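Two forms, one protein chain; structure tokens for each follow separately as structure 1 and structure 2.
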Structure 1
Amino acid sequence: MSDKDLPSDALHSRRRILLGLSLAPIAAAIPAMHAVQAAEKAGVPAAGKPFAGAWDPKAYTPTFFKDTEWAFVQAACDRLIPSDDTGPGAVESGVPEFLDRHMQTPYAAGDIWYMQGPFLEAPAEFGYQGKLALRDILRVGISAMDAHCKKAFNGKAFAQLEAAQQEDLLTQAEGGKLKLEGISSKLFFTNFLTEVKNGYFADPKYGGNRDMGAWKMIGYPGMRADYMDWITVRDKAYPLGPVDLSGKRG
């Protein structure tokens, strides 16, 4: 059964299950549903439509993120790269799995960076001068965001808020306008967004970019690494679909 056959309510609850949410549908999501229906009428693949082989968060057990963090990760991924008629969203692409695995690499532990003190304040042109490694920036940031939400929204965590509220919070964090305990919201947001994009576009072997969906969306041939025959072609779009590091074709 494809999503097209589902009444919009059912689609909606399926989407909520996908996000691991348990609360009732939310008013703010309704405009998005109108968009889905409009798109369907126009014959475009439905927004929010999980595509074949989409990632199932329940089939993956996070080993870095704790349950509460995991709910945040999925909700935030879905806001940052939502599923729509342009292409797959971060959640269905497996970006949460990517993030969980990526946070356990030496890279996320800060092993390739200079991490010795003293840690001084410096203008933005000098880059990150803090003490927290990437994985700690995400962890501390998520808990600070949730703590902020619980205070501001009657005990609700970020993942329990309406999509529009989540979007608003992320926008505030992006601009550094959100005051969080213990960490700059902008620092957290920038690092989180970068990692989400990494997971969305990196080779599927890292857990994200499921079925090379992000590559197909932008027309990236992946790891072909040989375009000798196409350098001077001007009148045709590049014809071949992507191939990944394992040699699989998308």
Structure 2
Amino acid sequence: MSDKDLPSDALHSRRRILLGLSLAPIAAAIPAMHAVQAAEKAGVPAAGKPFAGAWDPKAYTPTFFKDTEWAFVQAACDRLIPSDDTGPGAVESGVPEFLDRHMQTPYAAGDIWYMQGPFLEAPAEFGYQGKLALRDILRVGISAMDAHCKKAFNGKAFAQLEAAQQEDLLTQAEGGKLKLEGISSKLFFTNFLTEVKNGYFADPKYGGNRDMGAWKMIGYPGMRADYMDWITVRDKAYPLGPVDLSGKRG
């Protein structure tokens, strides 16, 4: 079923985004304070106004992403998982901080993967066969997206566009319909969305899932030592809040 076939409430559902692992256009979502602040710092004022309750934008200074990349990261995170009545958004959950930290790990650098050529086209079951490590996929993709936006929108970067324009571009990238210079838009979008979801649900020690908000939203108990007696319970929600790796209770 395509997005056009879905009822409006289902199309706008956060749970569809999280459970369906797909981007859905979300009307009237408000860009986060992070996106606005970072965009202004980069000289590219973001569209819209900050939402109430956003965390202090001075709480974290990126060390991997450059200013223009940071503005894109926050704007795109806010489009993929915006804040609503169901739960916290990606920006206020600290997902941009998670991404910045994660891009500096051996995993993101491809140090623990076989990254030698030849780089050939192969069926999907053989996995990714390209020469770009994860952090390079994101960096090249962000640059290509901003370059495309500046050509198509009178010099405006992605973070400067209206929310509907950003959602349309991300939707095109999700389907591989957006032509970017030097990288597949589908490859970039798929990896970016995966990292956003990882940051949203990871343990808070890695920078995202601030205050265990995502775990509370879905009723996940976190790192509790024992909840075996609730595994077979199907008609009641788990009564205790989550616990993270440090032992903090949510």
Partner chain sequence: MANVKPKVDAVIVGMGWTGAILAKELTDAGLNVVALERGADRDTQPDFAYPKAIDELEGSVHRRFLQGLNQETVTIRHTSADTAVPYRQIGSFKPGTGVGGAGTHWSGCHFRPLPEDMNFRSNVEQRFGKKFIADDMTIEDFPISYDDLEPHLDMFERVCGTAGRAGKINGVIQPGGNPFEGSRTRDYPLGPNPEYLGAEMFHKGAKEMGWHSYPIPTSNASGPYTNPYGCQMGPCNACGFCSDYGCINYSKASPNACILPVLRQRGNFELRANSQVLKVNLDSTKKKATGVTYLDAQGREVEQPADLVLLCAFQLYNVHLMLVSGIGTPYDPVSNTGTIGRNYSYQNLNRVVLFYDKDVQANQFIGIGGAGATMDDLNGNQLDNGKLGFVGGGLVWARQPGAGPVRGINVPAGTPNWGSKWKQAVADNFRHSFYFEVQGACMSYRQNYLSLDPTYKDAFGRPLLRMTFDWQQNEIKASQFFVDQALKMGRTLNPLSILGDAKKDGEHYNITKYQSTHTCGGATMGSNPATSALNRYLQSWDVSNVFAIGANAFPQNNGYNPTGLVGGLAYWAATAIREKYLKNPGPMVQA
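All values derive from a computational prediction rather than experimental measurement. Structure 1's sequence is the ruler for residue numbers, which start at 1. Here, rigid core means the biggest group of C-alpha atoms that superpose within 1.5 Å across both forms.
S.K.: Just verifying the output here: the form predicted together with the partner chain should be either structure 1 or structure 2. Which one is it?
M.R.: Structure 1, which is the form predicted together with the partner chain, differs in this respect from structure 2.
S.K.: State yes or no: after fitting on the rigid core, is the Cα displacement of residue 233 between structures 1 and 2 at least 2 Å?
M.R.: Residue 233: C-alpha displaced by 2 Å or more between structures 1 and 2.
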